[in-house]
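A lone chain, given as structure tokens: the form predicted alone.
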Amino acid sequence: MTTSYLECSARQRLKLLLDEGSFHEWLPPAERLMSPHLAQLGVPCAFDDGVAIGRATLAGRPVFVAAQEGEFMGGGVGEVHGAKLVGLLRRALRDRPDAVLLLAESGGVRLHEANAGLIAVSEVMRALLDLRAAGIPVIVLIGGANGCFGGMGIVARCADWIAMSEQGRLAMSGPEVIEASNGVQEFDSRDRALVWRTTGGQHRMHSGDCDALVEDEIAAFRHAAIAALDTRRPLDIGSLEAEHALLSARLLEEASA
């Protein structure tokens, strides 16, 4: 019997993807570490601020892991949510696990605490790149209903390795944001075929923006993450220039199409 990754909550994914019983959560809901901003705005809070972080093992190997909860504010990043991610990454730099896994599901930064969220995302990117420079791989898994957009879309592309399901989505701006900014004639967010044709996992695989396309199954994501544990991509000027050359070639190809 298979279990859909898309339909699971963040903690269900952690329970089923990692080695059984190995996940130890830091700052769990019992600690009630919540956003100080949402209550002031009359917005419901979550005791974990929408992200679970901790240590575990995967195929017997030590990993640090974070899972965003898409059911809480679409996985949006705020001050506390972002601080938990930064803390996890900085501790990984100190303790040096075999890898860091990010189960990303986020619509981007919360509008309710936009400035704090934007600063948090920039700190997450810096901490992630510090990890990569230290030789600790960062693996991103994307298959949730909310996709991976906005600042978290940038964070994902800063990682060493990305696995997506066909149902997953990855982009800088979400369809609704593009439509609101430029009109439905630019991008119709209700056109599901268009949305997945431009941001979906299959498209991202073809365009070189993800490294593995897997079935919408927890077991498939687990297998992909295990296979990526030793994936390390050099973080130097040569690799960055290669990325820029790839993007330039893609833009020329699109312009001539």
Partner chain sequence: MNWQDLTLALFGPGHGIGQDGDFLRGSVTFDGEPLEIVGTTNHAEIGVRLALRQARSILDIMAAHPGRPILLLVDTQGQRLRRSDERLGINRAMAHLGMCLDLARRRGHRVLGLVYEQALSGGFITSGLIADACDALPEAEIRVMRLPAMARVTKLPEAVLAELSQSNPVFAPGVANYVAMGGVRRLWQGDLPAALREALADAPREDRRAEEGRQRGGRHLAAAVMQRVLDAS
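A quick note: this is a predicted structure, and the numbers were derived from the prediction, not measured. Residue numbers count along the first chain shown, from 1.
This next part talks about the form predicted together with the partner chain, which is not shown.
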Exercise. Heavy atoms within 4.5 Å of the partner chain in the predicted bound form: does S173 have any?
Worked result: yes
Problem set entry | is_contact(A145, the partner chain) in the predicted bound form, heavy atom dist at most 4.5 Å | no
Exercise. Hey, in the predicted bound form, does E243 get a heavy atom within 4.5 angstroms of the partner chain?
Worked result: yes
Problem set entry | Close approach of L247 to the partner chain in the predicted bound form, 4.5 Å, heavy atom | yes
For this session: Kindly indicate whether A114, G151 and V177 are, all three, within 4.5 angstroms of the partner chain in the predicted bound form, using heavy atoms.
Result: yes
Problem set entry | Contacts with the partner chain in the predicted bound form, stretch 75 to 94 (heavy atom within 4.5 Å) | E79, V80, A83, K84, V86, G87, L88, R90, R91, R94
